[in-house]
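Below sits a lone chain in structure tokens, taken as the form predicted on its own.
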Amino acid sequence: MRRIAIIGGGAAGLCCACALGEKNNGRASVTVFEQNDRVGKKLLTTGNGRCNLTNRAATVDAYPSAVRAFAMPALTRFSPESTIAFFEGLSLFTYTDDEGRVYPLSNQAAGVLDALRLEATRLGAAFCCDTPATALRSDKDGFLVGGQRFDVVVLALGGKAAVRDYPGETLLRGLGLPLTKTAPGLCKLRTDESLVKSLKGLRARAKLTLLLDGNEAAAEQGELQFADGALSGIALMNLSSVYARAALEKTVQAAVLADFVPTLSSEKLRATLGEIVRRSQREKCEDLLSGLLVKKLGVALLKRAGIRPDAPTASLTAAQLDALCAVCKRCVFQITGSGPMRDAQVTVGGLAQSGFDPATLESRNYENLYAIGEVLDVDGPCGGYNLQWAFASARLCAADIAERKL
């Protein structure tokens, strides 16, 4: 009987254990090593505790261009529909929201974890918790993990994001596997606190454009949140991963442009503001934008345009209205860096794509050594894309092990 070790009991590791157990027909034993006192702790926090386990739109083209070629075999073979069917096979049923995000019917991440854990246990997987794997040795007879010998090892260590300790880096460096630099992804972006201090806690719909060295790098539309000296929200966090990947390559000057009235063209907005002033529908400037934006945000934009909120609207000049229109449509926030890794949802970077065969996810340096999920240099946007990669890569790896190694 072949012995298989999966190092990491998160989403990818548990899914791989289930897929291997289903395919091995008694030809292999599977042991999952987990540094925490129980498996799947991070999975419980995903989707605000609801576990957005995939997205109907999670095809390879939805991922960053830097990862598409490498991720294509897994994401093509194991589609979102395949992921949904996989979980239905575990008696976990789902629904899809208006934005394509797929959740368990229970709206509880614990249901997803239980489905994976119980199935892996039913299929004979053993769990070694409270066991951080900081050493992995390879020799002619296989691999040594925690003093035990295994024929095949799957690295499912996850990334550095949202964890206090990441002993996996010691293990990876000990093997001499190629690693890229890492950075927090799907996180806040820091900006000049004076620009956002008065808006702390406010949320607004906006179209956001990321500029890198003055050039448009990406755009997103959705909710923008203002935090302590930082910008957040799903749309912003998607841009944060684009920024992080670029900043790993070189020092970049970054800015986010916010269009707070994306449904109106600049010309239409300017005409609307002029009409409000002409008809004296708002006595004071502080109320000028109240029909378009939350008042607190409107006042902040007035100040950025150099207009006193307590000034009468009748006193506004054409130049001031032009300036206000420009700020509403193109409000600039200079970016000074990413938020901390502990607050990020995903790691940008990791095990270099060049070190693994994308068709199998087997190491090019070590036979019978695989890597899956976030430990690899693959990341996607918010909304179930990163879990889709975790599950698809786990199932691709399990299929190759079953087809070629057992």
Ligand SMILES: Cc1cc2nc3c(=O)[nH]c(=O)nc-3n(C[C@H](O)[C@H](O)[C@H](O)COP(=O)(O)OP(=O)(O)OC[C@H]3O[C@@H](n4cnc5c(N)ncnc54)[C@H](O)[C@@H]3O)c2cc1C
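Residue numbers run from 1 along the displayed sequence. Keep in mind it's a predicted model, so treat the numbers as computed, not measured.
Just so you know, the form predicted together with this ligand exists too; it's not on screen, but the next bit is about it.
This ligand is not shown here, and in the predicted complex it never comes within 4.5 Å of any heavy atom of residue 116. Put simply, residue 56 is far from this ligand in the predicted complex: not one heavy atom of it is within 4.5 Å. Looking at residue 339, you'd find every heavy atom of it more than 4.5 angstroms from this ligand in the predicted complex. For residue 64, no non-hydrogen atom is located within 4.5 Å of this ligand in the predicted complex, even though that partner is not displayed. Against this ligand in the predicted complex, the set 96, 221 and 238 makes no contact: no member has a heavy atom within 4.5 Å.
Here the chain stands by itself, but in the predicted complex one stretch of 327-335, 159-167, 288-296, 206-214, 159-167, has heavy atoms within 4.5 Å of this ligand.
Taking a 4.5 Å heavy atom cutoff to this ligand in the predicted complex, the contacting residues in 106-137 are 131, 132, 133.
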